[in-house]
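First comes one chain, alone, set out as structure tokens in the form predicted alone.
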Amino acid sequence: MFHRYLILVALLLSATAHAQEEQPSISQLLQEPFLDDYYSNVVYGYEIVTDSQRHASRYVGNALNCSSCHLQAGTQKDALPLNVAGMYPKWRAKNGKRNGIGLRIRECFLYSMDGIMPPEDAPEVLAVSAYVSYLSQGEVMGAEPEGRGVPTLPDTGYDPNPASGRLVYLQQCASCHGEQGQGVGVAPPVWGLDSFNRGAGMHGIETAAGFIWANMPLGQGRSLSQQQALDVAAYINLQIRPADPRESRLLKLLEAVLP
């Protein structure tokens, strides 16, 4: 256990040292023939975020990449940007504990990626942690970065309407994500067994609606009305998708049997 903390501390100290300098861009780092331990982890974290299927396949259970939700490799405002290292550790009601950035990353594999939670010292977790630290340079510790998460839509006066959402989906979304939500080309599946599970943050109408309104259709964010975004979110989240792992029948059986 102790060596795990030494690894994390070493990476954080290295990140702090690099933060005193003007850090190179990702494109510059990708061209370097040799990198130190910190920047090697930053690049590996970037590769995991942009191509999780290839670089973190042992922990991924669906057809998504981290960048399916964290747009532009986690750099786009109002699209779940990853420049949030300064906000951790923080309390999270979802698991009822104070979460460090490592645990937050590990749970993304379990829920959004419908996979297996990696151990805390997994190379993939350390690399994504380094990438998040890299993106967070210059942010104020303890403060929410501008554009964090997704916008919270105001009360429109109407409940989300899945039937209306289906029409909007077919008109505005199906050309990329498929009529059955299966995804087309690089566009990710938005429901079905290859999409996020019911425990993921995106399986919440408010979160999904904020993301859709701010960012979809891709490149045409804020072109839908807020009510249309709410309707589409309601329609998408009515569809079949993997179960919340916290509600696993096997898990509940083990909890009942084991002391």
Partner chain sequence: MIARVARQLLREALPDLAWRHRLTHWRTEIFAGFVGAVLVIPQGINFAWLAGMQPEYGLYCAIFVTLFASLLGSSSMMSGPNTAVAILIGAAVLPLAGRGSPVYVDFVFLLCLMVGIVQLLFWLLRAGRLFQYISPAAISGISAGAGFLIVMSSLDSLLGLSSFQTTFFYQKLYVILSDAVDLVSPYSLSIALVTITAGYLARERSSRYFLLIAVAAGYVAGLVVAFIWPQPVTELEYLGRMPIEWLPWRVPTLTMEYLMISVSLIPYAVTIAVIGLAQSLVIVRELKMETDQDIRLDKEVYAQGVANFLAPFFSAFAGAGSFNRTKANQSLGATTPLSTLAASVFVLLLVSLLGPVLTWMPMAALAGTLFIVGANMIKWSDVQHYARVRSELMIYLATFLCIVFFGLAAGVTVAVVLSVTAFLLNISRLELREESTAAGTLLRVRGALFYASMETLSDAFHRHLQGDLTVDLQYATHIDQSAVDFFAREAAQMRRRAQTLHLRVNATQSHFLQSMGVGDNVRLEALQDDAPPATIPFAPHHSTTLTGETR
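Positions refer to the first chain, counted from 1. As the structure is a computational prediction, the values presented were derived from the model and not from experiment.
Omitted from view is the form predicted together with its partner chain, to which the following refers.
Visitor: With its partner chain left out of view, choose which of Leu35, Leu193, Leu30, Leu218 has a non-hydrogen atom within 4.5 angstroms of it in the model of the complex.
Guide: In short, Leu35.
Visitor: Quick one: from Ala79, Ala73, Met117, Ala85, grab the residue that has a heavy atom within 4.5 Å of its partner chain in the model of the complex.
Guide: Only one listed residue qualifies here, and that residue is Met117.
Visitor: Counting only non-hydrogen atoms and a 4.5 Å threshold, tell me whether Cys69, Pro151 and Phe211 all contact its partner chain in the model of the complex.
Guide: Per the other structure, none of Cys69, Pro151 and Phe211 touch its partner chain.
Visitor: Picking from 180-188, 107-115, 138-146, 160-168, which part of the chain touches its partner chain in the model of the complex when contact means heavy atoms within 4.5 Å?
Guide: Looking at the partner contacts, the answer comes out as 107-115.
Visitor: With the cut-off set at 4.5 Å between non-hydrogen atoms, does Ser223 touch its partner chain in the model of the complex?
Guide: Because no heavy atom of Ser223 falls inside 4.5 Å of its partner chain in the model of the complex, the answer is no.
Visitor: Find out whether any non-hydrogen atom of Pro242 is located within 4.5 angstroms of its partner chain in the model of the complex, and reply yes or no.
Guide: Heavy-atom contact with its partner chain at 4.5 Å: absent for Pro242.
Visitor: Hey, in the model of the complex, is Pro123 touching its partner chain, heavy atoms inside 4.5 Å?
Guide: Yes, Pro123 lies within 4.5 Å of its partner chain in the model of the complex.
Visitor: Is there a heavy atom of Asn41 lying 4.5 Å or less from a heavy atom of its partner chain in the model of the complex?
Guide: Within the cut-off, so yes.
Visitor: At 4.5 Å, heavy atom to heavy atom, what parts of 53-67 sit next to its partner chain in the model of the complex? List them in sequence order, or say none.
Guide: If the 4.5 Å heavy-atom criterion is applied to its partner chain in the model of the complex, 53-67 yields Ser57, Arg58, Tyr59, Val60, Gly61.
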